[in-house]
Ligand code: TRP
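Just the one chain here, laid out as C-alpha cells, in the form predicted alone.
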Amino acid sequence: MPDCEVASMNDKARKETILSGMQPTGKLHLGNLEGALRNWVRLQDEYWMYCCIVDWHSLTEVYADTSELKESVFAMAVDFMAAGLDPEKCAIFVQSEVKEHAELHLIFSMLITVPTLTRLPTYREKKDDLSLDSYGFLGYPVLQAADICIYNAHKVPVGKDQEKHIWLAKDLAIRFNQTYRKVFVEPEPLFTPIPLILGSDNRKMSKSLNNHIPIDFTEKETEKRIKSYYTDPKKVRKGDPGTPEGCPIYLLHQLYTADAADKIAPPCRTGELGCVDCKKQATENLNVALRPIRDRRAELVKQPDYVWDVLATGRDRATQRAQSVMDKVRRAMKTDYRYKKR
C-alpha cells in the first residue's frame, strides 16, 4: 500500500492518485455540485484521492478580510461530505495545514518566468475584471502546480477552462525532473463531461452574480429562486411555442427530471406546457434530489467536532504523503542538510 494512503482503501483497485481542490469563498451551489462534486464522489472509488480546501488560493481575493474564512472552510467540509465524499475513502483537508504546499511553491517559482505566467488566459481575463495585480494572483498557477505535484498526482479532474493550469503543473514537473533528477509524475487533466448549469439570469451560475442555488437553500428558498429564472423571452404565456434548448429551466430538467426529453421538451415546443408549470415541476424534482444532501448537511452542522476531526485526519494523511515527496525533492536538489552519522 502506498505510504500515507487511507487504510480502508483497496490497493488493487486504486493505482493512481488524484488531487482535487476548491476555494472556500462561499456556500457551494448547484454548479459546484454538478460540475465537480458529483464527479469527485465517483472517482473516490477508483483512485487514491486528496480533496483539498484551498484556503491560501482564496486569499487572492479576501486577503483584506479573512473574518469569514474559518466558517467558509467548515461549510465546505460539510458540503463535501454531505454530497458524498467519504473520509474513509479520501483525504479531506485544508491546504494551509500542509506547509509543504508552500515549500514546493517557492521551489517551483524559481523554475518559471513571469512572461509565461502573464500569458495564461486566466490571468489575462481576471486581472482587470477583479482588479487584481498582486504577486499572489500572478503566482496562483504556480501554487496550484505545487498543490498537484506535492502529492505526485497522476490526474486532476478539471473542466477545459483549467487545461492550461494543468499544462503548467506538468511543465514544472518536467523542468524539475530535467534540472535535478526525476521525482515528479507528469500530471494529466482528467476531463469528464460537465453539465452546463446556468443561473437565474441565464449566465453561468455564480455566487458573485447572485444567480445561484446554494446547496443549503431550503425548499422554499429554492422555489423562490427558480420562480425568478429567465425563460424563453418568446414564450410569454402558456400556448406560446418555446425553445427548451435555450432555457436554463430545461437544463435543470435534464438533470433532475426523468425522461425530460420526452416529458418536458415536446409540450414546451408546442406550448402545451407553460413556464409556470415547467418551473414548478423542476422545483419539485430538484428538491427531491437534494433532500438527502440537505438532510446529511443538517446532521453534520450539528457535529462540528466530528467535521474538524475529519479535517485533522485528512491533514495528517496529506502531510505524510507531502513530506515523503518533499524528502525526495530535497535529496534531488542536494538541500537535505541534516547531519547523518556514518
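Note that residue numbering follows the sequence shown and begins at 1. This structure is a prediction, so every number in the text was calculated from the model and none was measured.
Beyond the structure shown, there is the form predicted in complex with the ligand, which is absent from this document and is the topic of what follows.
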Among 209 to 217, 140 to 148, 109 to 117, 222 to 230, which stretch has residues with heavy atoms no more than 4.5 Å from the ligand in the predicted bound form? 140 to 148
Selected contact from Ala82, Val94, Ala260, Val156, since only one has a non-hydrogen atom within 4.5 angstroms of the ligand in the predicted bound form: Val156
Would you confirm whether the three residues Lys238, Cys268 and Gly271 all fall within 4.5 Å of the ligand in the predicted bound form, going by non-hydrogen atoms? no
State yes or no: in the predicted bound form, is some non-hydrogen atom of Ser72 no more than 4.5 angstroms from a non-hydrogen atom of the ligand? no
Mark Gln162 yes when one of its heavy atoms lies within 4.5 Å of a heavy atom of the ligand in the predicted bound form, and no otherwise. yes
Decide whether Thr319 counts as a contact residue for the ligand in the predicted bound form under a heavy atom distance cut-off of 4.5 Å. no
Answer with yes or no whether Ala282 is in contact with the ligand in the predicted bound form, where contact means some heavy atom within 4.5 Å. no
Counting only heavy atoms, which residues in 30 to 67 are within 4.5 Å of the ligand in the predicted bound form? Val54, His57
